[in-house]
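First, one chain by itself: the form predicted on its own, in structure tokens.
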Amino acid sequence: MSDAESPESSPRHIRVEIAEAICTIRFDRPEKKNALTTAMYADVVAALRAALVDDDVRVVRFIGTPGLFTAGNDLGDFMSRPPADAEAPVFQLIAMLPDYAKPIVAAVDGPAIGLGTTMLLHCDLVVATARARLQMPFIKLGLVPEAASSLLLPSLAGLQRASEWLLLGDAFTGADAHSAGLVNRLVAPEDLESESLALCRALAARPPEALRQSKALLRAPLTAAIRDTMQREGAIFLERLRSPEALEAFTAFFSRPRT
């Protein structure tokens, strides 16, 4: 979810750059903390599909703007056009990530809220800064976890830490995420771009078919469980969107004083 309020239809604020066999997908809406609208999700899905069939692309990198990864869903856009089913762009993106054939690197600085955190569970390498602030505030909004985070986070960080981060929904730091194994490397903010790019270059230099098959082997044991969890989470998530608790939480969010 997000601290941003209102959607924008144009421009879409997703920049796609291809160079050195790396497709960089950059969240570029800093005035709204890089919060994601439906149109932005659709652009990310289109970029991922194009990169998948482009033989010149070997690695995908997600990155935001200085001091910002993404505040997750733009709540104004989200409530005006809530996802109705699995064809919604946000659910299309979530469905693509678990078995995406090419390696994905994420570079995280500042807020990484909602999907900004859960998507990291599906990335192959994650670089973050100490000032990264990760958060999964689903329950605060009367919702439930997404993107198989209810399965993957306990497996990665342990049940107690996963319970704290998901049930309380409070923010935690890049250092916390690093110690839990969610982040591979912790770097200074000024080194985030170069360090993430160096990892992408290293992956791009590996034999691509061996890389693809090795990634598939690493993820195969959990594939069925991830799909099953995503289906169950998604069904409950859509139900919760219409619940009195969610309506109350969203109403409170939009009614709070602005500074």
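A residue's number is simply how far along the shown sequence it sits, counting from 1. This one's a predicted model, so the numbers in the text were calculated from it and none came from an experiment.
Only in words, not in the display: the form predicted together with a small molecule, which the text now covers.
With the partner left out here, the small molecule still marks one of 183 to 191, 83 to 91, 162 to 170, 112 to 120 in the model of the complex; by a 4.5 Å heavy atom cut-off that stretch is 112 to 120. Within this chain, K32 lines the site of the small molecule in the model of the complex, having a heavy atom no more than 4.5 Å away.
In the model of the complex, the small molecule lies within 4.5 Å of some heavy atom of N73.
Contact annotation for L152: none of its heavy atoms lies within 4.5 Å of the small molecule in the model of the complex. In the model of the complex, no heavy atom of K102 sits within 4.5 Å of the small molecule. Only one of the listed residues (L141, A106, L134, A148) places a non-hydrogen atom within 4.5 angstroms of the small molecule in the model of the complex, and that residue is L141.
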